[in-house]
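To begin, one chain is listed below as structure tokens, in the form predicted on its own.
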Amino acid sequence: MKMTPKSVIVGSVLILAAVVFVAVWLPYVTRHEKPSEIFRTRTPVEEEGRLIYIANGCVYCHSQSIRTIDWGVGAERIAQAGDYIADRPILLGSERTGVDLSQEGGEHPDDWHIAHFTNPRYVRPNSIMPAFAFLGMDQLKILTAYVQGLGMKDADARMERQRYWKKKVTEAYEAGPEENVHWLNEHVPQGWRDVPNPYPTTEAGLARGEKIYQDNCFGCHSPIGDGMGPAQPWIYPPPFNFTILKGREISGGILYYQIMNGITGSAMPYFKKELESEKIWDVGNFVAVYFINQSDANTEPRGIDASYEPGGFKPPQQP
């Protein structure tokens, strides 16, 4: 075929028409307009918060779409087209420099978000997210309202749970240290209360626990475990003071369960999707040794020692 100006123009128009057909017209006529089972319209405050989210470029680091291959915080529901029918523009995002936020609503209480937006390092010491304290408290509350609505009806159910337990944890805290410790431990299942830390206290284990504590915990609980970390002014009830546990019998299982599952209603998040089992045991033992001055590590009842544990082998005594 001879390349003439006419053929170039006609060919270019045909290519452009094909692109418009595939990328514009076809998606438009086949668009999904049926709401999903969790869809609800946003409140005016949530809409205002969404504009703050857009204006500050949050979409460049946070996606709002969970895929079948995802597994992490919030990945309890695969995103559906009907989730986004009211979004203009749709904020799916393509980068996950930060966590996906499509189901963020109700993962944390409001005060955790205020501390996080003020300075993410307060609650996530290793975070690379910029601080947004410059927005001022009024806008931070509006932005928090938007984030707490992500997940729509599912988020509403999680927020109802957060508000219920916020009242309970506040009442327990305000009843005094004795009642607070009793209430917190009472809500750990009995089986966990009777389980000691299965790993022996070693120099390496404590070093691992210290690193995990620095990476995840000291922003709230402080470097010395007294709950007076930089996040404390924004959180109520304040972060737990581990040092009040001195002289009490606190099993490794209690610490493990509370680190693993978090304490809903408080700013204490769950870590079961971020830390594998031994890391939770290690950070729990670090807290027990350095802040509570006691540890039940490697005490009875014991099972079969892990193959890498130090020390010589001693066959268990037969009953």
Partner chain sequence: MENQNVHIPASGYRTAKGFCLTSAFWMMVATFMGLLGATELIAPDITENIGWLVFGRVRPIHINLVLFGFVTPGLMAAAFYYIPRLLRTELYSETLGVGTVVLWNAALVGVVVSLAAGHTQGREYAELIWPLDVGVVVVFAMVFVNFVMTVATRKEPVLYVSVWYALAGVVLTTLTYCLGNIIWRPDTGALAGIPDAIILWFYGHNIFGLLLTPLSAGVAYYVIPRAVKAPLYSHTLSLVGFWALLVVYTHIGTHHLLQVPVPTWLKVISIVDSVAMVIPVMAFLINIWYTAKGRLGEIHADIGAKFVFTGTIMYFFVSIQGSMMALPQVQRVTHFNNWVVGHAHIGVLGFAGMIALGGLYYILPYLTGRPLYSRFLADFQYWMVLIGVSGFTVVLTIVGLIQGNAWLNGETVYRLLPPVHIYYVLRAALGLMIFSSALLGFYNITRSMFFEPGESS
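Residue numbers count along the first chain shown, from 1. Bear in mind that the values here come from a model prediction, so they are computed numbers and not experimental data.
Keep in mind the form predicted together with the partner chain is missing from the figure; the text below concerns it.
This chain is drawn without the partner chain; in the predicted bound form, the residue among 187, 158, 141, 121 with a heavy atom within 4.5 Å of it is 121. Of the candidates 132, 199, 242, 173, 132 is the one whose heavy atoms come within 4.5 Å of the partner chain in the predicted bound form; the others do not. Taking the partner from the other structure, the partner chain in the predicted bound form has a heavy atom within 4.5 Å of a heavy atom of residue 54. With a 4.5 Å cutoff on heavy atoms, residue 306 does not count as touching the partner chain in the predicted bound form; it lies far away. The partner chain in the predicted bound form comes within 4.5 Å of no heavy atom belonging to residue 292. Within 4.5 Å of some heavy atom of the partner chain in the predicted bound form lies at least one heavy atom of residue 84.
Look at 177-185, 146-154, 242-250, 88-96: in the predicted bound form, residues with non-hydrogen atoms within 4.5 angstroms of the partner chain sit in 88-96. For the marked spot (36, 162 and 207), a heavy atom within 4.5 Å of the partner chain in the predicted bound form is absent from each of the three residues. Along 12-31, residues 12, 13, 15, 16, 19, 20, 22, 23, 24, 26, 27, 28, 31 each place a heavy atom within 4.5 Å of the partner chain in the predicted bound form.
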